[in-house]
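Listed next as structure tokens is one chain, alone, in the form predicted on its own.
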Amino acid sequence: MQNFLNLCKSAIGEEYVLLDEDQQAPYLQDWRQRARGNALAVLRPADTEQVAQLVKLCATFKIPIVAQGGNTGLVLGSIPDQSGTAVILSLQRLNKIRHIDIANSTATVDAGCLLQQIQIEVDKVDMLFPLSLASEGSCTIGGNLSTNAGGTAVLRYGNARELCLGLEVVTANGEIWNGLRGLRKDNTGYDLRDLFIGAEGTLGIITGAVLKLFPKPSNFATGLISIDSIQHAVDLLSLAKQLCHANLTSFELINHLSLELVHKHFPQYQRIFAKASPFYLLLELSGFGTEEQNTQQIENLISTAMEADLIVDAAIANSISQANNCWALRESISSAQAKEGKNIKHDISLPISAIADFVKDTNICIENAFPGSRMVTFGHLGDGNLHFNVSPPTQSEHKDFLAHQAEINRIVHDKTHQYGGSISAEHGIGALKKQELTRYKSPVELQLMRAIKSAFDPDNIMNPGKIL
């Protein structure tokens, strides 16, 4: 092993081969502080060529590799297991914006670029990269692509896969595939790009990407709406699509407890409504007309919805600060739930038409099995993605409640499957859900996935133990 480590030091420099336990610590701990892995070393290459050199060495010595970006994942996909036999290959030093092509509406970037960094740089040329996540100041675009991240603007712009035109990837044997093509049409065989996106580093290591850019909207309209049922939220979504068309950018569902936890733990954020409702919707429209036109559109939507008895109350942001306050309420839910204590998270997707029945049915099942459980339900209703989280009953021991995680997962995931949904919408499978995957994927799907894994990574050194 010392020979391997010496060769790594020669390839990238001794200071970028981290062997000290304290130096390795931030790379070994998962984002939610639930698990900690062990690593032979943390390797920090500076560019794609160095990544390729390191992967060749790992292939020669049969050393497992866990590629890591910002380490913000929620399914234990970006940390190694406890064995200490794997290396973590950090992409954080690959952080350059290589090229912005305004005429082609693309940006070519390193995989280690922070999502927020990309947003800021393209904004300087009056363009928009619309992928938006609560962790955008910490997550990297390579990680976003590896998990096919979604976020709050999927309704209008699509998820990470739809926002990427080309990739640069280091394969499991250390070769570099340069697929950095900024083409919107390229029908020349199998789409390798789509195989690597969402593969969580199990097929190869993404080192660069060509991203789609869009014209930057000139104005926004933001509204928070209180409603009395999810079915009314679904009906309102259909109405919003009819009346707002392509301007409808975000349509976020927030249940009562989610909002109350935010106000409890982040009292600096202003309450919008004096009277509580079971559910709330955060809407955003963005467009290229005047601010008055956008405001008129959302006012027309609210007025029509009021007449149809779909909403209880509504508030339209009259300033940037008010809009920011509305978004802060939404983006602070996960942090508020963490401050409240341990919880059991689910990242699921469903046909939008099935969401109301799913929530009602599943809430009853959880309450019957675990009385007093508190449901923190929120997410991207516009694309059918719910964060269906379960917090312990008030005054209960959180540790005791977490001991029932497998049972609660089974209720939620079985119901998700029953209603035609997926147990992972945007977080991935990682190590956390790989056993669950075998329950809900068909034997044919699993066989095809294993065949792809074997073809791309015959020695199983790329993020082993994840997904499959």
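Quantities reported herein were computed from a predicted structural model and do not represent experimental measurements. From 1 onward, residues are counted along the sequence shown.
The form predicted together with another copy of the chain exists for this protein as well; it is not shown, and the discussion that follows is about that form.
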Do residue 182 and another copy of the chain come within 4.5 Å of each other in the predicted complex, heavy atoms counted? yes
Examine residue 468 and determine whether its closest non-hydrogen atom to another copy of the chain in the predicted complex is within 4.5 angstroms. yes
Going by a heavy atom distance of 4.5 Å, is residue 124 a contact of another copy of the chain in the predicted complex? no
Quick one: does residue 383 come within 4.5 Å of another copy of the chain in the predicted complex, counting heavy atoms only? yes
So which of 372, 351, 267, 84 reaches within 4.5 angstroms of another copy of the chain in the predicted complex, heavy atom to heavy atom? 351
Can you pick out, from 392, 223, 151, 166, the residue that has a heavy atom within 4.5 Å of another copy of the chain in the predicted complex? 151
Where does another copy of the chain sit in the predicted complex: which of 171-179, 394-402, 255-263, 337-345, heavy atoms within 4.5 Å? 171-179
Thinking of 118, 227 and 377 as one candidate spot, does another copy of the chain come within 4.5 Å of a heavy atom in every one of them in the predicted complex? no
Quick one: name the residues from 4-19 with any non-hydrogen atom within 4.5 angstroms of another copy of the chain in the predicted complex. none
